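Next up: just one chain, as structure tokens, the form predicted on its own.
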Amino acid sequence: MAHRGNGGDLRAGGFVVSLIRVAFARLLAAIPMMILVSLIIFSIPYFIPGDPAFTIAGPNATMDDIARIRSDLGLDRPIPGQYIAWLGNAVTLDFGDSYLVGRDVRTMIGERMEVMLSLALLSTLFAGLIGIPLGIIAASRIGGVRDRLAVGSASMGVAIPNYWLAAILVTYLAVEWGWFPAAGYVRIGDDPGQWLWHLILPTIALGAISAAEVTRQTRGMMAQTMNLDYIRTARMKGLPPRIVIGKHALKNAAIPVITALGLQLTIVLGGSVIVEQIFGMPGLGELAITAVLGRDIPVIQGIVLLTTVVAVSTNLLVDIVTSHLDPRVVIS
């Protein structure tokens, strides 16, 4: 028995090593993409009309003032030198000060990140809790009433824009009936209950499309899995449907579904901008719009880079989870 246990430990240890190797390989593969993204982000000032020094100096500044500001910002140096200096600061999350308000960009983004991450995570959780059960129910009897209802609901969910749904939810559930707050945000550290209460409507508005996509993905994968030989064998053995679906079929279909959830999380990061505005939430969306309208380049660069890092980290986490669910992914 001891020898068998040692063998199991060795296999588990080998799998962990392989998993770490996969994570390291994914990180290495992400480096060229991140370098390309950093070049694009660094180039943002060159695509925006106007000189940042003029924006900072103001309309009454002299040419000497503008030249001094350009020197302080390093804009008078060669472009390769500017990029290397900017990249070195960006690695430490140092994006400089805002052109509009003069505050540290890292601090400004940090104050808004909680709103965006709360919305993104809750919306993705909502999509999984709604979409996966609906997909399973639909796949349990293809062509039946439940299947048609689930498919119809998913099609409707995909067709409804999140800003339109947000406006409907605010108008009726918040303003007309007063069931939920119409606007605002409470930090989770101040009051967890109110934090969740203020996020219910934005979460539904932002997660509805994702839930519909997850429903369709789950239904499709479960329908394919239920036709496999080992599922037929499990049914012939008389196993209860919940065991056949929950233990056998769902595990085989889980990898594409988790991948779809990871993709939806990155999509939600972009969609949160409009939803934040509708619900009056002080998140990154509001900050991004203000920065774009005011040509606040350091803030724009910081937001784009951080959201890219979140998206890449999400993809890495999805790879690790799918490798855990199916060790064959580790080998590939």
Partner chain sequence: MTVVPSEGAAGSTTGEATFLRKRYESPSRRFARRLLSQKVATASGVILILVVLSAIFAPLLAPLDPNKTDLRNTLLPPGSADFLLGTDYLGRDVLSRLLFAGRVSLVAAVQAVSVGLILGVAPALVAGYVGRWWDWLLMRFTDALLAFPPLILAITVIGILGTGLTNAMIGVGIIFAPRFARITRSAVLSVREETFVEAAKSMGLSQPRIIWRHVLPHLLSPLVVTATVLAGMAMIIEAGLSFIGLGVQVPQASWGSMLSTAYRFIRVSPTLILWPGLAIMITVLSVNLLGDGIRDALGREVRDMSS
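Residue numbers count along the first chain shown, from 1. A quick note: this is a predicted structure, and the numbers were derived from the prediction, not measured.
Only in words, not in the display: the form predicted together with its partner chain, which the text now covers.
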Checklist entry - Going by a heavy atom distance of 4.5 Å, is residue 171 a contact of its partner chain in the model of the complex? => result yes
Next on the checklist: Quick check on residue 312: any heavy atom within 4.5 Å of its partner chain in the model of the complex?
Outcome noted: yes
Checklist entry - Taking heavy atoms only, is residue 175 within 4.5 angstroms of its partner chain in the model of the complex? => result yes
Checklist entry - With the cut-off set at 4.5 Å between non-hydrogen atoms, does residue 156 touch its partner chain in the model of the complex? => result yes
Item to check | Listed residue (256, 161, 133, 110) with a non-hydrogen atom within 4.5 angstroms of its partner chain in the model of the complex | outcome: 161
Checklist entry - Do heavy atoms from each of 128, 198 and 316 fall within 4.5 Å of its partner chain in the model of the complex? => result no
Checklist entry - Which residues in 74 to 91 have a heavy atom within 4.5 Å of its partner chain in the model of the complex? => result none
